[in-house]
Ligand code: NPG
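Quick heads-up: it's one chain on its own, the form predicted on its own, in structure tokens.
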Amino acid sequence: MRVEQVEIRYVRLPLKRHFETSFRRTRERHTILVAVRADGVEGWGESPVEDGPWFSSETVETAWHVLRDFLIPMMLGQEIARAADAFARMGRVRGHPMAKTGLEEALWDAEARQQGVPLARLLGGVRDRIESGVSVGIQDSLPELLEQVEGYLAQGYRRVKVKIKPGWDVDVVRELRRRWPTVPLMVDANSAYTLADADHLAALDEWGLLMIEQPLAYDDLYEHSLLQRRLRTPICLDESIPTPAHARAALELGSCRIINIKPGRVGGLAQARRIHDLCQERGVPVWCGGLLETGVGRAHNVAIASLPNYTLPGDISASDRYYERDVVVPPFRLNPDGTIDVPRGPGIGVEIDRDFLETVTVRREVFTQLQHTCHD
């Protein structure tokens, strides 16, 4: 593929309701969409950043800078044999995995469209549907949380994940289990605890959780290994796994028994597939987490989650879980059996709702070999 043009868009999309984790509450999604034109075919990807350095050190402004001034010039006018090679081609830029993800995903979409095959097939996917779970943020009250969970279960979601933090944890889980004793349930701490909280976290063992996600520091592996020895409940690592090398180290140390793979966190689909393959070799299950992506990033997540070792329901919910209107058509919908269809059309299998996208675009820049245009 010869990269002829790259377009980046800063998009701001309102959420249906606020989403709160242990570190912040948000009411709208800030993200960057990337479009690549190669050999006359257009592909789309997403750099799932935020407006501030909360989940990741990357932000809209840092990703925009790195894409504009470094990554796009590396790719523009170049022949890229396979999208799977793109991450290595960007290797001179250290870090910035979310910026890299948007560009790399757009190349995967373009390559699949050129071949006339679904992205899932190009990646090696084996499923035509994926199991869908739902992630529920911290609420203002326990009754409000219970009401939301009840609604999502009625819609058919197969697994419930609730965000926790000190003061919003054991009592919350106890009440959820009292109401729904058999529903697959997990919690996500987003690094809200320390090793000194080990005994407190061990109290969660009583409630038959699927896993506790990222209880300790976002960059820690060693203390997670100590905590896992004290818990019956499997620890799942998220933020602590930015590369395949970190995944290998975590498994060697015994820091976790499950890994959450987010393409945006690890630098794109090729890196996500490498972690998937490593875990499959070790007999460690994985699942696909979410970063409140628009339908563009959601489509890529659905495709990667069709690989064989994604054996646990992920955080890939329907579009209407977060947004009144998505930027793709058709939007992703939840089937009555709690699954989401893997698109069968070429590439990501959905199209951009261009009229709506224009209304939520804050900034746009287009790059070609001959010119560069900016639209604010």
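Not measured: the values here are computed from a predicted model. The first residue of the sequence shown is number 1, and the count goes up from there.
Not pictured, yet referred to below: the form predicted together with the ligand.
Novice: Which residue among Gly295, Pro118, Gly290, Gly267 has a heavy atom within 4.5 angstroms of the ligand in the predicted complex?
Specialist: Looking at the other structure, the residue within range turns out to be Gly290.
Novice: Heavy atom within 4.5 Å of the ligand in the predicted complex: which of Glu111, Asp169, Asp238, Asp220?
Specialist: Among Glu111, Asp169, Asp238, Asp220, a heavy atom within 4.5 Å of the ligand in the predicted complex occurs only for Asp238.
Novice: Heavy atoms within 4.5 Å of the ligand in the predicted complex: which stretch in 278 to 286, 196 to 204, 73 to 81, 156 to 164 meets that?
Specialist: Checking each option against the 4.5 Å cut-off leaves 156 to 164.
Novice: What I'd like checked is whether Phe19, Ser135 and Asn190 together line the ligand in the predicted complex, meaning each has a non-hydrogen atom within 4.5 Å of it.
Specialist: Yes, all three are in contact.
Novice: Using heavy atoms and a 4.5 Å limit, would one call Asp51 a contact residue for the ligand in the predicted complex?
Specialist: Flag for Asp51 set to no.
Novice: So, Phe332 and the ligand: in the predicted complex, are they within 4.5 Å at any heavy atom pair?
Specialist: No, no contact at 4.5 Å.
Novice: Any of the heavy atoms of Glu58 lying within 4.5 Å of the ligand in the predicted complex?
Specialist: Glu58 lies outside the contact set for the ligand.
Novice: Find out whether any non-hydrogen atom of Asp326 is located within 4.5 angstroms of the ligand in the predicted complex, and reply yes or no.
Specialist: Residue-level check for Asp326: no, no contact with the ligand.
Novice: For 320 to 357: residues with a non-hydrogen atom within 4.5 angstroms of the ligand in the predicted complex?
Specialist: Counting only heavy atoms within 4.5 Å of the ligand in the predicted complex, the single contacting residue of 320 to 357 is Tyr322.
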